Structures are given as C-alpha cells and as structure tokens.
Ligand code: GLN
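Listed next as structure tokens is one chain, alone, in the form predicted alone.
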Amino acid sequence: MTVREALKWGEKELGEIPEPRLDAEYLLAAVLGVSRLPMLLDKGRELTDGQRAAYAGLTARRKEREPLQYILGEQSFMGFSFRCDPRALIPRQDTEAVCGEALCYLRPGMRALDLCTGTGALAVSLKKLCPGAELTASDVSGDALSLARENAERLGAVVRFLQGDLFAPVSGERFDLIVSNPPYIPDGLRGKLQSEVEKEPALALFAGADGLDFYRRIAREAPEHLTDGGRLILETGDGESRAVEKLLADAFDNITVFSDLSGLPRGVSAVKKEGGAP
C-alpha cells in the first residue's frame, strides 16, 4: 500500500466525520513520523506492514470520534506545541484571542493569574511571550494540572501551578492581570454536543443551567485578587458576552468585548473600579 492508496482508504473509512481527507492525512503523517506536506509530496512511498497496522489502528480510533488532537497527542496554540490528552480540554484557536488581548496589557514585572488553566496553554504562552512577567495558574483538576506542568516543562516556561477551586489557592494574593477560559456550556446541552466534545472532561465544559455560573463567581471574587487598576480578561461562549458584561458592571470599568479571528465576540476585558475591593 502506497501513501496515495492509504489516504484514499483512510478518507473512505472516515467518511462520516468532518474533513475526512484532512484527518486521514494527519494520522498517516503521524504514523510515518513526518510532517503532512512532505508526505503529500511522496505519495508513491510504500508503507511497511507495521505502518499499515498502526494507521488502521489510529483510523479506527478517529472513526469512533475520538478527538484528533488526543490521538496525535498535541495541539498548536500561539505557535507552541502543547501536549494534549483526555486529562484536559483541547486548546482552541478561538482562545488565542484571549491570549492576544492579555498580551496588550501584560508587561515585565507584572503578576498574572490564569484560572481554570487546563493544559496550561494560556499561562505557558503568556510566560513564553512575556518572559519577565510572573505567572500563576490554577485548576481544580489534579489531572489537568499534571498535564499543564508537563507542558510548562517541555516548553521551558516557569509557571507556578496551584490546585484548588478558582481563587481558593491564591487566598490573600493580588495580581495585575487575571485571565480565564472557564467552563461555560449550559448543563442542558449534555449529551447534545459534537461527539468529539463529549469526550473531553465534563468538568471543563459545563457551568450550570445557563452556562454563567463561573462568570458569576469570578465577577464576585476577582476584585479581591486584583491590584488597583488590575485587568480581568475572560473568554465567553457563543452569545454570552453581553451577559458577562452585565455581571461585571458593578465592580469593573472600561468593559469591552473583543472578537476572535472569525470576527465573532469571544471575550470580555474589564478594569477593576477604583475604590473597589480593599
């Protein structure tokens, strides 16, 4: 079986999933240990028996709607390769908008906190792109934190990781910047999401009847953990930005909604009001 034949077979096997040809290419490239484009320039290459078996195994996993990123074991975020597995939510390109917004304000010497860090994508990327900043990341999931620590180590980023529920691990501490991509999917959508999404940790997805539970808590607790003039930057789900704006209105000024690369509202940025929490 040649690369050309393997890709044709893989595309047919994966015909029920979105973009079957592209996924077949990524899976075969992983088996061959090469990047996708060089593989496509060598379509006459013959696969060994071991490579054929490995490709069939990966294709079977993808056919069962296991996320491609979990199968490949990595996902790109802000130009960095993050280890990715079922311990944490898969980093999305949409979340790069949050990182970009944060980088507009983060400066060397500042202290920043990443809540619900998951793979550590936000905290590690911010540290890599602003090395002089001091980064802390927290998550309630010990599994997620173990993965985040692995990513920080392999990318050479010094980040302090703490386990606990939202602000609990940083009691009494203040930060110049707080970022978060919290759970924001309404509980009523359990079992109704894309099959791949349903295989990600529920702890990182669902947030009460209207999906706003974590935003309510962050809006209430964040002022106690921000310095004067400190900034809060939150990713928001589809259609949630305006509701989050309202939740922040009592304790924050300069509340703005920012968009992702598709031009869709993706997050909210706000500054702690003067004379807020002592």
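Note that the structure is predicted; figures quoted are calculated from it, not measured. Residue numbers here begin at 1 and follow the sequence given.
Omitted from view is the form predicted in complex with the ligand, to which the following refers.
- Listed stretches are 69-77, 104-112, 178-186, 147-155; the contact stretch with the ligand in the model of the complex is 178-186, by a heavy atom cutoff of 4.5 Å.
- Of the residues given (Cys130, Val170, Leu89, Val159), Leu89 alone sits with a heavy atom within 4.5 Å of the ligand in the model of the complex.
- The ligand is not drawn, but in the model of the complex it has a heavy atom within 4.5 Å of Leu205.
- The ligand is not drawn, but in the model of the complex it has a heavy atom within 4.5 Å of Val197.
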